[in-house]
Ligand SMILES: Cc1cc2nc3c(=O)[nH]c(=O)nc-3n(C[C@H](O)[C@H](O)[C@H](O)COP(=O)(O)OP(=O)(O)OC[C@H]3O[C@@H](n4cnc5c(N)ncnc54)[C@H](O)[C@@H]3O)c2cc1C
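Okay, here we've got a single chain as structure tokens, the form predicted alone, with questions on binding and movement later.
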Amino acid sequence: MTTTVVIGGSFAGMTAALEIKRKGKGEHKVILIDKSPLFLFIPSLIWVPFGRREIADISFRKEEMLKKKGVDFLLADAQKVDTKTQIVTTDKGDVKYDHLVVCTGPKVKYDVAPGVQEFSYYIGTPNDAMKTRKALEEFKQNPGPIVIGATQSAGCMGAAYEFLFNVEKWLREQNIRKKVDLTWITPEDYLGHFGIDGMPMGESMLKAFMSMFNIHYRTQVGVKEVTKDKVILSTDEELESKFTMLMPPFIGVDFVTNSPDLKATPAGYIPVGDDYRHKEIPNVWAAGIAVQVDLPFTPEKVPFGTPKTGYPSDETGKLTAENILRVTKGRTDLKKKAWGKIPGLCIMDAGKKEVWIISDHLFKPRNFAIMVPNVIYDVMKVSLEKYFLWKMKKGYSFLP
């Protein structure tokens, strides 16, 4: 029997573990190691600060479902791996593997600039989303300028855009919009670059949104410092701010950086080929955010990265699972699909409105790419959340 250990239980990790077991059946033992007992639909965290969702609405305990599907679940903190002995060290003991899949997600690099951690908010975890909710409740008692955006080297601009438009909607609902100067800051070369070199009509659409909602913006800027009442940009411009939300860069987690055998990049990501197999270690694989993605573009002034969203994570989890199964059967014809060749499928929320972003490839060249605004209601964004939570609760990893 082949034993595969999967580190990380979010989009990529859950998909990889379930698919290996579903297809491999009794010939494969799968162990999923994660420090959280919950599966969380991370994209919906943008709604938690506004009370539109509670954490319980967008999460579920995964152990029972995994057990039903034949996947062993170890609730533990994976600390490091020795690829020579093929042993993963956790705070609950050592685990031996034949194949290892790294799906560890990101660690937030708060020290990208002084004051980012102390004086700005972040919405990427349940605790941070709830802290942001509390801060907004306090803010509305004494409103003032707001700065929202992403720092230099950030890659998750989409979620920050979503939060921006949700804040604007919330300010109107609280009847304090006229009291708030709202400013968007981004390292992107232009509005709507998104770390994928943009989409047709994207820049003009976002410029129209900024004008319609009276949002000031700065592109090609980084953050020099954040203080209690201002954000100092890389251009030395000072923006007053009573509430600041910034998306910092992501880096590899401690499990990766504590494991020199993995030969990770300086940022802590796993170097893999288009088959998601480690370039030097044949029985180590990676999927999702843990993958090193080389940018097909060069930022003009301020560095920024590319998004690693749920759909590519799900797809790379499936690819990794299929290739492990092929290798264990002695096959060499592995499935390949470069990160940039994965279709771009995303729904950006815009404060109970939405924009559908669809392309045949994440990166250029593309044969098809379109952005479609839906200004009536964010019905597809809500439907995607319901569908994906249902899919994962049932363990239907084979579905799109």
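Keep in mind that this is a model prediction, so the values were computed, not measured. Numbering starts at 1 and follows the sequence shown.
Same protein, other form: the form predicted in complex with the named molecule, not shown, and the subject of what follows.
Visitor: Does residue 156 make contact with the named molecule in the predicted bound form, using a 4.5 Å heavy atom cut-off?
Guide: It does: once the named molecule is placed as it appears in the predicted bound form, residue 156 has a heavy atom within 4.5 Å of it.
Visitor: Can you tell me whether residue 229 touches the named molecule? I mean in the predicted bound form, with a 4.5 angstroms heavy atom cut-off.
Guide: Output for residue 229 is no: heavy atoms all beyond 4.5 Å of the named molecule.
Visitor: Please run the contact check for residue 315 against the named molecule in the predicted bound form: heavy atoms, 4.5 angstroms, yes or no?
Guide: Because no heavy atom of residue 315 falls inside 4.5 Å of the named molecule in the predicted bound form, the answer is no.
Visitor: Within 4.5 Å, heavy atoms only: does residue 16 come near the named molecule in the predicted bound form?
Guide: Because no heavy atom of residue 16 falls inside 4.5 Å of the named molecule in the predicted bound form, the answer is no.
Visitor: Sort through 66, 342, 347, 350 and report the residue having a heavy atom within 4.5 Å of the named molecule in the predicted bound form.
Guide: Filtering the options by heavy-atom distance leaves 347.
Visitor: Can you pick the one in 295, 253, 87, 210 that has a heavy atom within 4.5 Å of the named molecule in the predicted bound form?
Guide: Of 295, 253, 87, 210, the residue with a heavy atom within 4.5 Å of the named molecule in the predicted bound form is 253.
Visitor: Going by heavy atoms within 4.5 Å, which of 143-151, 73-81, 191-199, 173-181 lines up against the named molecule in the predicted bound form?
Guide: Result of the contact check: 73-81.
Visitor: Within 4.5 Å of the named molecule in the predicted bound form, counting any non-hydrogen atom, which residues from 101-131 show up?
Guide: Residues within 4.5 Å: 103, 104, 105, 106, 122, 123, 124.
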